[in-house]
Ligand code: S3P
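The chain below stands alone and is given in structure tokens; this is the form predicted on its own.
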Amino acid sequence: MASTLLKPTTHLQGHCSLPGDKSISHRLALLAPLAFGTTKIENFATSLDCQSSLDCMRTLGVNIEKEGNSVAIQGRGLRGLCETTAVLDAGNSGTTMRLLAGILCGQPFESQITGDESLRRRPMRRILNPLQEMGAKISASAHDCAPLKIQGGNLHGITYTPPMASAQVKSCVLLAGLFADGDTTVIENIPTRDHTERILPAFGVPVHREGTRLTVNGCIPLVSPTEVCTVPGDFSSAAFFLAAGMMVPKADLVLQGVGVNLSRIGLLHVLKETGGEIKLRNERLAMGEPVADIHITGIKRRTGKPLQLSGSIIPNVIDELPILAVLGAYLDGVEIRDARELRVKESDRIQLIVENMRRMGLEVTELEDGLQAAGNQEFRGAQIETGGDHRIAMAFSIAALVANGTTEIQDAFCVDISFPSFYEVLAHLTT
């Protein structure tokens, strides 16, 4: 497993484009095969996770042509996927497994889906319960983890309130609802990412919103969009460079064409509250998603207040919490609570964040559902254990930019899961 060495810098400047948004790319890869017609996609995410979604659909008989970041998917209709004796492999992608499970429950055949060692440890009971309530015959291995076995068949609509805030659970239920008799409603007490609700209408399926209730009508044929679908730049990838812009003394960055969906940009509000000078320029819409160029010129003032991250904001910044922990220790301190979900991501992210912060000489307290760290701490170069987790690798690569001495990121190229060009972009902005 290759490692990379990083040295501190005082400059972070330039323009860059980012890979296509993973969440949107996943949903296009899974919905386009269910539609009549060919869906053309530009700036499809380069991540291994999204490749897993394409690979699973190919195994299910879908014709997919891919050249660079351009993808053309020939749809087969709502129940047109092909039975296969192969076990579908979602790789490291929880999104692929959970959303595809909802689709497979509506297909007229038996299927199995698994993933890598990390994914086989992640909890699946959260989707098993609502799918079984809809009449699906779906089971998991011991401890309610993958592999999943599914006997597709008839489903019926339900009204379901997820016990946790999860866009994956919401999307799984809504996608299963496409195959159900009657209406399927998800009640969201805490809003989560709304990409599924935005994308479904582009395929001819309206999503009815009434307060906290989201409803889809079952058995509506999907139709491919007539226009090319251009995927916005991934905000979760942008987050690392936005935080870096707050930490490196001489920063002047423009991140081009980034998705700024309100359900994703909690980090922007957090950074502005800490004194960040951030502006959105050239705002427009793509695929019904708001897009902008993000200009950051670093921190202009220090608030003296630690970052307090808890409650309803957590689902909005869940992917950015590793880098926010690093940023908080560098600025005025940080306290993260109500983030127990981090323990069942690609790794136990709370444990790895705390371990690596301590390796860099920082004082930090691990909590069951988060962590606490004082601010204005001095970072020192260290050997970082990523646990194969892409967001840990990227967060501590940014920490390395302000550390005293050289930092070694072990298994650094686990970043390929979401951002294969991360180190190239970082080198471009720091030279």
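All figures in this text were calculated on a predicted structure; none of them were measured in a lab. One-based numbering along the sequence shown.
Keep in mind the form predicted in complex with this ligand is missing from the figure; the text below concerns it.
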If we define contact as a non-hydrogen atom of the residue within 4.5 angstroms of the partner, is Gln168 a contact of this ligand in the predicted bound form? yes
Heavy atom of Ser23 within 4.5 Å of this ligand in the predicted bound form: yes
Please check if Lys345 has a heavy atom lying within 4.5 Å of any heavy atom of this ligand in the predicted bound form. yes
Report whether the minimum heavy atom distance between Gln107 and this ligand in the predicted bound form is within 4.5 Å. no
The stretch from 129-137, 283-291, 72-80, 95-103 that lies within 4.5 Å of this ligand in the predicted bound form, judged by heavy atoms, is 95-103
Checked Ile199, Ala180, Val270, Ile318 for heavy atoms within 4.5 Å of this ligand in the predicted bound form; positive is Ile318
